[in-house]
Structure formats: structure tokens, C-alpha cells
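In the form predicted alone, a lone chain appears below as C-alpha cells.
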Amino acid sequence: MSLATDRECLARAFALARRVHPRATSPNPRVGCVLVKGGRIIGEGAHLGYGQPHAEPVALARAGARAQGATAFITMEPCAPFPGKRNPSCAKALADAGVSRVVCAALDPNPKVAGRGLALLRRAGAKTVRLPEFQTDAEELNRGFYSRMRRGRPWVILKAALSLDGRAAAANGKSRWVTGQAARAAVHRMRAELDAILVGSGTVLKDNPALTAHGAGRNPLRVVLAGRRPLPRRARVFDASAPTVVYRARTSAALRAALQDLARRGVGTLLVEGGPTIHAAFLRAGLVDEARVFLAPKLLSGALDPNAAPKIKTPRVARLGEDWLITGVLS
């Protein structure tokens, strides 16, 4: 396969990295590498899983002796050696292979590496180039890794399932099910793609959820923010399907401390599922980075059962400036 420009080659490296499941390499980042010589790919690879070889040595192994004088296109700066590092340095591997040029999208945000990998390559005689227009792609590819390294806390995603009249539950507190089967399956896939999921003790006491991926993939770490009431030992959140961490966090400072502890445990992405009290606490503390809101075509005000609530038949959606208008006849 031949590639014409640096941008095309780096885009190919990103395509390789995106094929890897978001949690496969966690707590390390997903990385792709393409080796090009004479306008043709001579080796490529991605970091496929935690503890497995990084993208650069995979590509180098496929290129063999042809790597001498080649250009390496990498989604993130190749790692430099530092005390306690488990895997060999990718920057050193590229230098030892005689790669003459390295093009990357972004510096490694890990302060133990940042800039040192490229500096090692320059000392070895390789030319290094950064394409800053790919910086956003690099950060979106590894939101959790960048958040842990830069801010010392996970990337926090607030998830809510609401009716069109803004209710998360029926008048009697019943919340199963506000959304339909397809939306619930999407949430299970979401859980499998993220490192941890968080709820408050009220959700555990009221709904007794398992907080698993329900077969959509590997279960996330389960996190419970506990209040004054004790949590039942037999709650499903404490079963053997996944580990669980409990924090007694009731203030913004305590929330931040809990997130910092999760980051130290390797959690890069955290799904905050609720309910409203927990959502409000995270929003007040300024700790929400992203929102994923599921809207069901139902009107729950006054309903005692979400499954029997009035629905809008064939809803129509229109955008009005920054707002959305949803219309339809009740069924």
C-alpha cells in the first residue's frame, strides 16, 4: 500500500489505533504506528492490549531490516525510558532500528516522558516532526489517559435517561424502564468501553443494580458514593462479577479526592450514572467533562409505571438555534 503525504500516513496510524477497543490498553493509551519507506508501507501496528508490545515494536518487527532509513508515523510521541517503566522504550527501539524520521501527532502527556522520547531520537540522528492539526484527534483517542496525566483525575461522563418532560422516574420513584431495549443495550456497551461506573447509595438501596456490562464486554470497576445509611452486604453491586470501591464523599473536595484516588488506581474514564443528587453534586463541583443523555418519547409526570406512561408516536425532531423541538401525537 502506498501513501502520498505525511497527513495520509498519520491518518492511517490513527485508523489502526481506533480499531483497538477503548479499554483494551487501559490504563495505557491506544497508539498506532506506520513505517513508510519509498512511499510504501513496510510495517504497521497498534498497541493491542495492556502488557502487550507497543505499536512501534509491532511495526518494527513487521518491517525487519527495511526499517533502516524509514519514516515512522505515530499517533503519540514514542515513550522514553524512565525509572519503573515496565515495557522497553519505543523511542530507543526506533533509534536502534535506524529510523531516520519520526512524525507524531502529539507529545506524550505523561510528565515522565513529555518531549524526552523525541529528544532521544534527535540525539540518535533522526529528524522529528509534529503535526499539530492532529492534536485534537490524539486527545479524543485517549481522553482518559490525557485527563489522568494532565489533571490527576478521570474523564467524567454524566449519563442520564429522561422522559421528554424531564423525569428520570415515575411519580412513585419507579425508573424501570424509562428508555427502551436499544438504549439500554447502548448503555451496556458504554459501560464495557469505560473504566469505571459510579452511582450514589440511594441508587443501590432503591434499585439494587449490578452495574455490569451485561455481556457487552468486560465489566467496569463499580464505584459507590455512600451516605449515612449502611449499604447491604448482599447488594448486587458487591457480587463477584466486578470489583467495587466505596467512598464517603459528600463535599466537592471529597469528590475531587475520590476522583484522584480513582486516577491512581488507573481509572481514566468514569461514567456517572446517577441519580439526580449525584449528578447535581458533580455539576456543582465542575467535575463533568461530557454528557450523554438518553431521551425517551414518554411523558412520565403523573405516571406510576414508566412502561405504561403516554408515548409520543413517531416523534419529529427539529433544531431551533441552540434548542430542540420534539413534536408528535400521543399514543
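Residue indices: 1-based, along the sequence shown. Here the structure is a predicted model, which is why all the values come from computation and not from measurement.
Below: the form predicted together with a small molecule, not depicted.
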{"item": "Site test, Phe14, Ala63 and Thr71 vs the small molecule in the predicted bound form, non-hydrogen atom cutoff 4.5 Å", "value": "no"}
{"item": "Any non-hydrogen atom of Arg86 within 4.5 angstroms of the small molecule in the predicted bound form", "value": "yes"}
{"item": "Close approach of Leu259 to the small molecule in the predicted bound form, 4.5 Å, heavy atom", "value": "no"}
{"item": "4.5 Å heavy atom contact, Asn28 to the small molecule in the predicted bound form", "value": "yes"}
{"item": "4.5 Å heavy atom contact, Lys298 to the small molecule in the predicted bound form", "value": "no"}
{"item": "Listed range touching the small molecule, judged in the predicted bound form by heavy atoms within 4.5 Å, from 48 to 56, 302 to 310, 280 to 288, 262 to 270", "value": "48 to 56"}
{"item": "Listed residue (Val102, Ile197, Cys90, Ala105) with a non-hydrogen atom within 4.5 angstroms of the small molecule in the predicted bound form", "value": "Cys90"}
{"item": "In the predicted bound form, the one of Met76, Leu121, Leu211, Val223 near the small molecule [non-hydrogen atom within 4.5 angstroms]", "value": "Met76"}
